[in-house]
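Next up: a single chain in structure tokens, the form predicted on its own.
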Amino acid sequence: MRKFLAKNAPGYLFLSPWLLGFFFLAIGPIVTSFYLSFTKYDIATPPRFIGIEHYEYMFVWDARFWQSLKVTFAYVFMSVPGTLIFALAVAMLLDRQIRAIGTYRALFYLPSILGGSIAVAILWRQLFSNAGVINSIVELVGFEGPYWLSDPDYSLYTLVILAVWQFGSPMLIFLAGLRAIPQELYEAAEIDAAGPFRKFFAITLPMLAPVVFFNLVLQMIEAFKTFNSAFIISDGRGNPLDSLLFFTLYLYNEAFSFFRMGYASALAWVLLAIIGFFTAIAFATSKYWVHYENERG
């Protein structure tokens, strides 16, 4: 035990702020929300235990629950690959030594600093309004722009574009991974007359697999938790016609618009289970395509 503590003490010391916050601030609300998910509770009256009625209603009768899942899954499966592909493409463009490259990297990272703010969501809503800048540009080239925010066939794409625009964080992580790839591998590939695509799929992508996996898990979790942009652009209700009814937005409305705290707690635990399920799938399948340096050696 003493050897274990001596070996791991520095790690636990650095983890101590998070551990203190978790045990003294987070674990209580987590346990309470689990209990409330089995009760009928509206804040004004004491919680009344009702067993699994919330979960039964959710999966059997609640059509808006299934709509929120449909919207959220569509968003995740479009925004996560789009963000990773775009971030990797930009990182490869910035992985070179040119004048003022640091400035370019900072500018490309800027959307990630601003992207989660309320102000940017409001700006995004103005850009994609019927008479906004995006439709004005589309009209300049001779086409009629769609009703991005009022047409349920297009509304979700505005949030997907916003998510892809916030590519700065995965881009920096990809850039660090690219800088760690030995240049000798590319030199050897050039001697063998390998072209750019061959070098990308034979060297860059396999060497970046751990970084791709890391970014994939982080972006997937963040996509499932998307709330601010959906709340602002849909006026907090998931409009039009529930096409922007994200799971988190539905949970928020159940809790703070209708004060169904018990049902909202059940929704929160379902969201946790969904995120855990897809994260577990990512880890289970990673052994088939993610290979680390010590494994190669």
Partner chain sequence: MTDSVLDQGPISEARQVARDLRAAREKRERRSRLLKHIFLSLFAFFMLYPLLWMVASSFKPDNQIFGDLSIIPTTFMWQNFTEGWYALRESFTLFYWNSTLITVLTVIGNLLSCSFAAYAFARLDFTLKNFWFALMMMTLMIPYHVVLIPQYVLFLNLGWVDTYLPLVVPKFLASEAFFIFLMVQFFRQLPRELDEAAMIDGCSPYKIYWAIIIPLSLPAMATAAIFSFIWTWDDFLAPLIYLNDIANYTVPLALRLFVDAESQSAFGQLFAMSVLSLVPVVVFFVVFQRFIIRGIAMSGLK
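Since this is a predicted model, take the numbers as computed values, not measurements. We call the rigid core the largest set of C-alpha positions that still match within 1.5 Å between the two forms. Positions refer to the first chain, counted from 1.
Below, we turn to the form predicted in complex with the partner chain, even though it does not appear here.
- Look at 97-105, 150-158, 201-209, 185-193: in the model of the complex, residues with non-hydrogen atoms within 4.5 angstroms of the partner chain sit in 97-105.
- The candidate spot formed by 33, 123 and 227 is fully in contact with the partner chain in the model of the complex: every one of the three has a heavy atom within 4.5 Å.
- Contact check for residue 245: every heavy atom lies farther than 4.5 Å from the partner chain in the model of the complex.
- Heavy atoms of residue 58 never reach within 4.5 Å of the partner chain in the model of the complex, leaving it off the interface.
- Residue 43 belongs to the set of residues with a heavy atom inside 4.5 Å of the partner chain in the model of the complex.
- Proximity of residue 166 to the partner chain in the model of the complex falls within the 4.5 Å heavy atom cutoff.
- Though the partner chain is absent from this view, in the model of the complex it lies within 4.5 Å of a heavy atom of just one residue from 180, 93, 74, 85, which is 93.
- Scanning 131-159 for heavy atoms within 4.5 Å of the partner chain in the model of the complex gives 131, 132, 133, 136, 137, 140 in sequence order.
- Shown in the overlay between the shown form and the other one, fitted on the rigid core, is a CA shift at residue 23 of 2 Å or greater.
- Residue 12 shows a C-alpha shift of 2 Å or greater between the shown form and the other one [criterion: core-superposed Cα displacement of 2 Å].
- In the model of the complex, the CA atoms of residue 213 and residue 12 sit farther apart than in the displayed form, by at least 3 angstroms.
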